[in-house]
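As structure tokens, one chain now follows by itself in the form predicted alone.
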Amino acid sequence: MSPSVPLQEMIRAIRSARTQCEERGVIQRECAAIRAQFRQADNGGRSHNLAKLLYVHMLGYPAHFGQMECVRMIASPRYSEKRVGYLGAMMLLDEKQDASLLITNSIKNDLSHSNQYVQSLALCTLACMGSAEMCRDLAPEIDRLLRASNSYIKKKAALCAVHIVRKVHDLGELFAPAARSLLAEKNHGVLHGAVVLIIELCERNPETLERFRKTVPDLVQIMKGLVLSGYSPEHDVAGISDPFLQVRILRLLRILGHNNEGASDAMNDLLAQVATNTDSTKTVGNAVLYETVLTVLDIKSESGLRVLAVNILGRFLLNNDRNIRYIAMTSLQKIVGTDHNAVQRHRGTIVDCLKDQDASVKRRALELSLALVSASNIRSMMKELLLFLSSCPAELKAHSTSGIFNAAERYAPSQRWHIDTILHVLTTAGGDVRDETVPNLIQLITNASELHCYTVHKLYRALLTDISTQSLVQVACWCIGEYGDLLLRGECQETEPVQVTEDDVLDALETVLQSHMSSPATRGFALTATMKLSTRITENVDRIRSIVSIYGSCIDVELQQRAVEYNALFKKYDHMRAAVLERMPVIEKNSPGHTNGESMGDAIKDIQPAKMKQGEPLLALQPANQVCDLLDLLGGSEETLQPSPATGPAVPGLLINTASTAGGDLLDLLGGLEPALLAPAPTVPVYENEGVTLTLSCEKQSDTGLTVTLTASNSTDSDISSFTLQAAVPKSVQLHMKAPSGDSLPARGTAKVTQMVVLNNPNKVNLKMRVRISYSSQGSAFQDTVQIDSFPGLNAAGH
């Protein structure tokens, strides 16, 4: 076995290795030689061998076999061996190693050593890898050293006490008196250690925090001495006197002044002095100023001082260093809610940061810009945000569009401006908008009745320009279908009049239907728009019929179902087509947590009856995959049941509006319905519980048609609100619930709620109906179910 080589030669051999395999060979030979020498009882090169092993450990190779050698060298009386032994202990040992417990006694002995450098080694090792047990055992020794006369030892003892407090929180009370006395020291190293220790104690114990609030005047004097002191070569860093100690003191003042007016008042003058006298041209000065700003914003400072802090952050925004600009915007983001006007003064600088090349700075600038939008600056800020949107990175577009939509909805000066802004966003970044953008914009357009002509002209031109943006195309198709007559009329005061022919409009919609870029949902919008135009134009109805019939065999099931039903309108119900396809009423926005015509968890709870005028029911054409049994209210009955369709507002473009004058029931556009005169029938009670009564009366419409009238009353002494009725019937029976007369029942029966249910039973099955009753009374929600097996007043004609 080759003898061990000196450390420098081993490093040279390792660095000269051309392959990893050659390097491993060198290290394995050296480790074998080191092991052999560790076994020798009298070894004069122990520190030399351990130093080489530590270098091997730094390269990532196993060195655990040197742990016991570290323990032996720490116990050595020679300083050179102690130094390497303690270094090895800090690198090779931790509190999880059993060998670490063997050095506790050696550390305790060295803490009482006459040589300050040996004491320093013991303190550094304990602060680096001391376990909770070691800390408890040695805490009294550390407290003794905190009161020593040697500044060098007190500095290291204070930092060791920080580690002990972090490991064993209960020992904080032991060090509090000594930490308080250290603030009287002149040595900056001792002061720095004392401040760090006090910060740790105050953060972990509210009682200690209250006790150290009395030291605020002392800390203020120390800080003033640093700010006003002249040049000191020992502590000067780029013209700032000991910036490390200044930062630590400011951090401690921030903790002591938080939510405490007395402590905050005592430090206000000092903070103003630091903020005005510190040089901001160097990074060192900016570090002190940043800590000053954080302290001012976190304590109960004066309003003028807070404005000064915001102005400092504003100067940071002009700094060439991106890190400084980033932390400035991060700080401004936290205070924009409380000091909005002060931050507004730097709006121009913040907006300029949107042009920064750094992605992190751009994101922070975007978030801060969106937070600064208000009713007074909405136009100017939106112009900048839209300009940023046109060139922002792809990863920021979704966040940008969401923020712009929220700001526009909150502060829009007019509906036209609101619509123009959203259309601009859709044109610029339509592929990155959220799913709810389309229905929200359609609702906005519907409510702005005076802008229908302007909007449909603008969307038509956008559709001719680009059909790749799906959200924009969907809104355009919906508007053309609803307001196509306004487009064809060519009279629009808000925009330049454009002569558009019926063929031009149909060509545009047909292009959307045939484009490979159109999604199935977009084609659905376009097909429905084409169908609606059949009642708004006069000369091209046959062309529309031809377009619709083509999609009756489409591979997309939903589109095919829609086309088949539209064809049925042309063939069987042409006399009702105008009523079914009339213009949509104003769309009310859904409450959060509800979707239109879709099941969410418990489907019953999500189907909400519409609140609209009697005689204006809406018919939702459900996709084929949603026509399955959403509700099985009749449990174990032989027939599979279907729910009544929701009569609430649904996704625009999927609705057909039918007037009560059209007559009949349109739930199955492919079935045959013959309106008939209604015959009166007796009224019988079907439900009575806790003062709520429900009665039923039946009237025949035809041989298979039936109208059921449900009447609810309230005999209790308290009003009932949110009253709803929901019904389910066997699957072969078609059901349509008309709009209820109301949703509240006054106390003591002063008013009633009437709900009409139209049934069609073409197969003449045994008719059953289950009704769910839901309402709120005195802040509590109630729900009950009743099954109706017989319908009084009917003969045996199939019912």
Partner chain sequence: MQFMLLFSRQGKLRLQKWYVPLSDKEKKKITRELVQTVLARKPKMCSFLEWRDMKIVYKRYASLYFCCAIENQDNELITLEIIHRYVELLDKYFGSVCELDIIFNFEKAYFILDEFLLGGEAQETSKKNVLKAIEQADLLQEEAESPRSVLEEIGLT
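Computed from a predicted structure; not experimentally measured. Numbering follows the first chain given and starts at 1. Whichever C-alpha set is largest while still superposing within 1.5 Å between the two forms counts as the rigid core.
A second form of this protein, the form predicted together with its partner chain, is not displayed here; the remarks below concern that form.
Annotated contacts: 517, 523 and 723 are all free of its partner chain in the model of the complex [non-hydrogen atom within 4.5 angstroms].
Distance criterion of 4.5 Å from any heavy atom to its partner chain in the model of the complex singles out 196 from the list 168, 178, 500, 196. For the residues 536, 83, 347, 458, the 4.5 Å heavy atom test against its partner chain in the model of the complex is passed only by 83. Heavy atoms within 4.5 Å of its partner chain in the model of the complex are found in one stretch of 57-65, 735-743, 758-766, 26-34, which is 57-65. Contact check for residue 104: no non-hydrogen atom falls within 4.5 Å of its partner chain in the model of the complex. Using a 4.5 Å cutoff between non-hydrogen atoms, residue 98 does not count as a contact of its partner chain in the model of the complex.
Under a 4.5 angstroms non-hydrogen atom cutoff, its partner chain in the model of the complex has residue 290 among its neighbouring residues. Among heavy atoms of residue 76, none comes within 4.5 Å of its partner chain in the model of the complex. Contact residues in stretch 313-331 (any heavy atom within 4.5 Å of its partner chain, taken in the model of the complex) are 322, 323, 324, 326, 327. Put the two forms on the same core and the Cα of residue 209 is off by less than 2 Å between the shown form and the other one. Put the two forms on the same core and the Cα of residue 363 is off by 2 Å or more between the shown form and the other one.
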